[in-house]
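Encoded as structure tokens, the following chain is the form predicted on its own, with no partner shown.
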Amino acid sequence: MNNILKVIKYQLRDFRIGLIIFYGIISAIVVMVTISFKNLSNNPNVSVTFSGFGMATVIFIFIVGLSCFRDSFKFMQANNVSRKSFFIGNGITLISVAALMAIVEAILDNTLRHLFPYKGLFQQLYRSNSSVADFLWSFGLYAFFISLGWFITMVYYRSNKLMKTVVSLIPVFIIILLVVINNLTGGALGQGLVSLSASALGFNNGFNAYIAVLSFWVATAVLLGVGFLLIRRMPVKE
């Protein structure tokens, strides 16, 4: 248990600087947008709606996931922390950061709506003002992307030079293969994938965000589960 807490404290201390910088930049942008809106609102012929902070959070938390494995893994192994404790500690940290950012995002969205016409990512996609659904959806989305980033980093760390090249090219080959199959099936594959994605995100069920929440958490569980298998015999590389 002590080793797990050690991992959590180490990772949170590492994340703290990035979070402060990120939200510092967001705060500066909010100030500039607020000033711009006040200037534009004096013109009756101009109608403006602002959005986009949610997507910035998605990109940031994905990058956080990409950057939080190598150094911390080597450091913890040098301090005799087991791979299991490292995995559990990191998993708790990743989910905690996702929850924290979902809370901040909910507060930010609510605040921005009182400053100027603003629609967060959730409101744009699901046409809902439910704070509970917004938080749960954001929490699931951020947990998925930070876990995805962490998983990708582990795959690259575990791979040799040849495998890194193969892993990098696999998405390209998959896209080409899907395009070819889609052309051969007269677009049926593309329509099927779009329909499947829409169902997973709740768009085919009256914009039901809770279906998307379930999909995000199932995907996160799969990523963390496979990640645990990768880390069990992960070599320590220089």
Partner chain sequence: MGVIEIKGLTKYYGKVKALDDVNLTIEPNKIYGLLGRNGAGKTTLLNLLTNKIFPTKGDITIDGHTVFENDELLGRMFYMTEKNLYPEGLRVKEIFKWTQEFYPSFDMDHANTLCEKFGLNANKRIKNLSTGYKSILKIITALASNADIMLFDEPVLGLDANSRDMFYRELLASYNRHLKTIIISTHLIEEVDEILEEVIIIKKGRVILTRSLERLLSSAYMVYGQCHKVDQYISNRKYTGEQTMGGFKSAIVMEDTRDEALAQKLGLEFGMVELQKLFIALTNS
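Just so we're clear, the structure is a prediction, and the values are computed from it rather than from any experiment. Positions refer to the first chain, counted from 1.
This protein has a second form, the form predicted in complex with the partner chain, left out of what is shown; the following refers to that one.
- Across the options 68 to 76, 98 to 106, 163 to 171, 133 to 141, residues that bring heavy atoms within 4.5 Å of the partner chain in the predicted bound form belong to 68 to 76.
- When the partner chain is considered in the predicted bound form, only one residue from S82, S159, T111, S128 comes within 4.5 Å through any heavy atom, namely S82.
- Contact check for Y10: a heavy atom falls within 4.5 Å of the partner chain in the predicted bound form.
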